[in-house]
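Taking the form predicted alone, here's one chain by itself in structure tokens.
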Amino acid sequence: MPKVTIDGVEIEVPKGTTILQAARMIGKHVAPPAMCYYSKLDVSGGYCRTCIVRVTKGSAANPNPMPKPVASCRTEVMDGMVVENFTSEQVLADRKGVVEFLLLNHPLDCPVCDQAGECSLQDLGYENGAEKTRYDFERRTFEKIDIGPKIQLHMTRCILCYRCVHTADQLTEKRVHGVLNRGEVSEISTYIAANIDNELSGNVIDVCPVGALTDKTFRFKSRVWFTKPVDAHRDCKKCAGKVRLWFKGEEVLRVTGRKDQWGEVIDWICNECRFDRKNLSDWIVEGPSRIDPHSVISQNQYELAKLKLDTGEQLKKIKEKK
């Protein structure tokens, strides 16, 4: 099996593994961000370029560096390859430029966007974005269209990651939406004003990394950091029935698929579980969801005991140093 070194950490991986997959095997401290790649989809990646890395050594057989940054989600590992991600100033500068392009037309309406608090573009902009834009022209805008009774489309927020299109391709037999037109007027839309109403259509909401596709039944009801996510399940004949319930008080405000540490859905869920089962009596609650400490959702009450213990240990060490 080929060996690759990423940010100074060597790992042996199966043949055919991409740089991004290898980096995720090592851990978050070396894994590049990804806006379009989605491991649960048969086809994804290669659109957004946020996962670019620098290959300083192509392989043991050909040690020459690659002349320019490459998309780690589409570049396979070669034996002896050496890759720089966070350790390369060039990569960080180039990624900052990619983020600037992604934000050229994306409206800064986070205060009214339902995706706020769990938006990948928010995180990317905070970590790699510039304070000001150099873009002097008007942002691209689109007329609002109705794509169905449960899903709200805000095309002005879309970054054309294609995740929703590939999800529909993979989960449904008759996809009715896709990318229309070309260039800067490209947009996600439905064909001949068809509605997206198949039984698994709600999963396009979960895969969208920004606020372009949101849940109409949850719109403007609450910010995610004011809710309490718990894992629950039910006996469902249409899907796995394993979901995440988002509570505010005793009310279930929304139901989503469970996500892993990379923000990707673990099990696809049907529309009945997502939109029609919002009573606690419909579910068997397993316990609080494990939320990435990096997320603002985790700032409330999910591991308070551990947080207090860690804080106490830190204060103790500070006093000892004094």
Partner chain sequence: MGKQLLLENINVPGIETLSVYRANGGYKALEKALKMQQSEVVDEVKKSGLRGRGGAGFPTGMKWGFIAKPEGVPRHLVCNADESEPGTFKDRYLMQHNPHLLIEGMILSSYALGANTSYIYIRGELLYVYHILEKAIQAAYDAGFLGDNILGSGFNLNLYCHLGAGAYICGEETALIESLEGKRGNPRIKPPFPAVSGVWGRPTVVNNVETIAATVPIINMGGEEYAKIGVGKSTGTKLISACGHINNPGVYEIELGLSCEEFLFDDKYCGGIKNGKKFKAVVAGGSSVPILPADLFLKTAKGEPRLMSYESLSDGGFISGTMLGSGGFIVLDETASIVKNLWNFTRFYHHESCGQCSPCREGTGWMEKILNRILEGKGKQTDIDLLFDIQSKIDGKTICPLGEAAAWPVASAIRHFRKEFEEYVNKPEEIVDVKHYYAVNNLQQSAK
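Residue numbers count along the first chain shown, from 1. Bear in mind the structure is a predicted one, so any value in this text is a computation, not a measurement.
There is another form of the same protein, the form predicted in complex with the partner chain; it is not shown, and what comes next is about it.
- Stretch 178 to 186 is the contacting one of 178 to 186, 116 to 124, 203 to 211, 143 to 151, since its residues have non-hydrogen atoms within 4.5 Å of the partner chain in the predicted bound form.
- The contact with the partner chain in the predicted bound form, taken as any heavy atom within 4.5 Å, belongs to 104 out of 112, 108, 130, 104.
- Residue contact with the partner chain in the predicted bound form: residue 47 places a heavy atom within 4.5 Å of it.
- The closest non-hydrogen atom of residue 263 lies beyond 4.5 Å of the partner chain in the predicted bound form.
- Remark: residue 136 counts among the residues lining the partner chain in the predicted bound form, judged by a heavy atom distance of 4.5 Å or less.
- Under a 4.5 angstroms non-hydrogen atom cutoff, the partner chain in the predicted bound form has residue 160 among its neighbouring residues.
- Relative to the partner chain in the predicted bound form, residues 11, 13 and 80 are all farther than 4.5 Å at every heavy atom.
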